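Only one chain is included here, represented as structure tokens and corresponding to the form predicted alone.
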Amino acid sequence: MKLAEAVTAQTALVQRLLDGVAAIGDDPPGITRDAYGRGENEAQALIAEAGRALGLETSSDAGANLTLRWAAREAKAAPVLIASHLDSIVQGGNFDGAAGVIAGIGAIAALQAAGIEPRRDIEVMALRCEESVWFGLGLIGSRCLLARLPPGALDLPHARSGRTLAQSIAACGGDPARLRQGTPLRDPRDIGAYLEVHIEQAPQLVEAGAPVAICLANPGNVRHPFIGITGEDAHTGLPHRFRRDAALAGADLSLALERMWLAEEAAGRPMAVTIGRFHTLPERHSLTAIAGDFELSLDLRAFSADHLKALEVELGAIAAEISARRGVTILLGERSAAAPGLMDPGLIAGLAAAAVRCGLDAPKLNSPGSHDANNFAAAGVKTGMLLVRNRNGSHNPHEAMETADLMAAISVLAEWIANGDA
């Protein structure tokens, strides 16, 4: 069977797995697969079962990441890892992350059906807890694998269960004591390449009319989940000159950050600002009181470490100016960060050539999202990504990836493994 025919023949398998993880996460109006909980665990079990049906060796590491290994008869090079995640945000969509894990299964199934044996081991990985909603820290599975957990991460509480990250990992068969050693579970020098398939998170491929793209880079991020602004509670009739209004200071901060964003983009420096939480304290806010306290969250994204550093300096200057002018105190609070992920030029070229051989015109695009790929790239692993067309964005119940578009990405992935450097 020709490889293209073998890929098409896996459509039913791919659809069955997509439907399977959707059923596991069913939480109207969307999908919830909780990290280190029932949703992610059951999704891992479904993927492991599919891997075993293909004769793949299954294993789990100290971070409770799942690995399915297709062993080469005579591996002459370091393995290729094809990975993504199975957790979701609360009531999100079905495809963010899961489509990438399933793509790896589909590619191996197609190669086996076509009678093509790998020249090196191919491993499909379901990495744990990519979404930051569960612990206030994202990309946890790849951080565990590559010893990139920040200090104190294992003590963070789960948003639903209240268990610490260490307790959550242990409950899923992992080994937090091993993670506390601070050394990689896999030596990055022993990984030949890391590939990730992911739905697009801005409608660039919808705009381009293409099913799949070659990713050039993912942004890194700096996050402050609990920015606190303290002013002074007061009566609503207080004249402006006496006010220390925390809510208006929050509005000032948000609008100043947007002005910074627009200026950076106008200067040709792409980035993004996201205010996720933005509120007075629910237990104290009132129609007839000036808010003395205000909270918000901030996600800053950019495509280079130097740019992120410069944006943090600007954030500090903006906060200081508003504090002085409004007579409030702004505490940025907890901080987490993810390194930018630049894709390997050789993999970009190889995946683009594979797309051409598949008869696909695959544009080269930046991804607006940070992914596990960022950690592998930052650790020095050759990293590549394929983006799949998806209407309606991600992190919402309306993700609308077409299975046919995922099959196009699988065809590129399988073609690269069969006839590229893999």
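In case it trips you up, residue 1 is the first one in the sequence shown, and so on. These numbers were taken from a predicted model, which means no experiment stands behind them.
Beyond the structure shown, there is the form predicted together with another copy of the chain, which is absent from this document and is the topic of what follows.
For the options 290, 339, 260, 302, the residue carrying a heavy atom within 4.5 angstroms of another copy of the chain in the predicted complex is 290. Checking 327, 203, 150, 157 against another copy of the chain in the predicted complex, a heavy atom within 4.5 Å turns up for just one residue: 203.
Using a 4.5 angstroms heavy atom cutoff to another copy of the chain in the predicted complex, all of 132, 207 and 233 count as contacting. Among heavy atoms of residue 225, some come within 4.5 Å of another copy of the chain in the predicted complex. When contacts are judged by a 4.5 Å heavy atom cut-off, residue 175 does not count as touching another copy of the chain in the predicted complex. Although the partner is absent here, residue 143 lies well away from another copy of the chain in the predicted complex, with no heavy atom inside 4.5 Å. Contact check for residue 394: a heavy atom falls within 4.5 Å of another copy of the chain in the predicted complex. Partner proximity in the predicted complex, defined as non-hydrogen atoms within 4.5 angstroms of another copy of the chain, places exactly one of 344 to 352, 271 to 279, 312 to 320, 70 to 78 at the interface: 271 to 279.
For the stretch 356 to 375, the set of residues having any non-hydrogen atom within 4.5 angstroms of another copy of the chain in the predicted complex comprises 368, 369, in sequence order.
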